[in-house]
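First comes one chain, alone, set out as structure tokens in the form predicted alone.
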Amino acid sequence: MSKTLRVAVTGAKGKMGQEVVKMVLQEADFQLVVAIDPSSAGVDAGVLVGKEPCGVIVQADLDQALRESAADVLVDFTIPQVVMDNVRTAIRHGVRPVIGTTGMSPADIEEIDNLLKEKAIGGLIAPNFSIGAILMMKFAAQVAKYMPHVEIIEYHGDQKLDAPSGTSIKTAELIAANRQELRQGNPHEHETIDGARGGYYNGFRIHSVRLPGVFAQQEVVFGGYGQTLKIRHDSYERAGYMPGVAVAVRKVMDCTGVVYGFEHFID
């Protein structure tokens, strides 16, 4: 019989956090043991997400909650300003972090890796948990071997704090690993409006669109002589990420150090 995994969730009242709480309550091999959200402390986590009471009361203090809970995994969908403190606290208690919060720097990732290795446990940092989005990234990386001229256009709602998105940065990293740096466009081009050509990454451009009414889409456009190839992924609701989060919670138990990118957890 497989072990029941004891799961903690930070940002439980947030839109992604609520979906994570619902998923954990539904999975037979998961047990919700901690739900953290200072603005909802004292509320039953099940009631918070529109379900029956589950007996887990939302708390404000992550350190105290982890000290008392014997959690195995912490799932964090919060904001860049607090995620590092949450992760440091989790690792200090021997709890494996699964991080969906974007906007982390390379220095942050290196620090997390070092802290995890000191504790001989593993953690995951994933800009995107959608299996479809991961396949989009993998396909784009393959195409880059043969069609190196590429631009990325990513679309999110106007409340998203970081630009470009973590998904587009991860896609760009995978593309860059399969092509030599190639500065695209006319060498004499000039932006009459600053930023019109988008953000520069390894010779190609990333464009970030932020509009109300948009959820999350990304298009990777490859250009060649007489042809273009477009790879597009559209997300319509946050529940679509939850199968990937569930896979991550299970698989993070079997790794040591930081794993960057959910693609490493799918074949």
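Here the structure is a predicted model, which is why all the values come from computation and not from measurement. So that there is no doubt, residue numbering starts at 1 and follows the sequence shown.
The discussion below concerns the form predicted together with a small molecule, not included here.
The small molecule in the model of the complex comes within 4.5 Å of no heavy atom belonging to residue 233. When contacts are judged by a 4.5 Å heavy atom cut-off, residue 16 counts as touching the small molecule in the model of the complex.
In the model of the complex, at least one heavy atom of residue 126 sits within 4.5 Å of a heavy atom of the small molecule. The small molecule is not drawn, but in the model of the complex it has no heavy atom within 4.5 Å of residue 92. The candidate stretches are 237 to 245, 49 to 57, 64 to 72, 217 to 225, and the one lying within 4.5 Å of the small molecule in the model of the complex by heavy atoms is 237 to 245.
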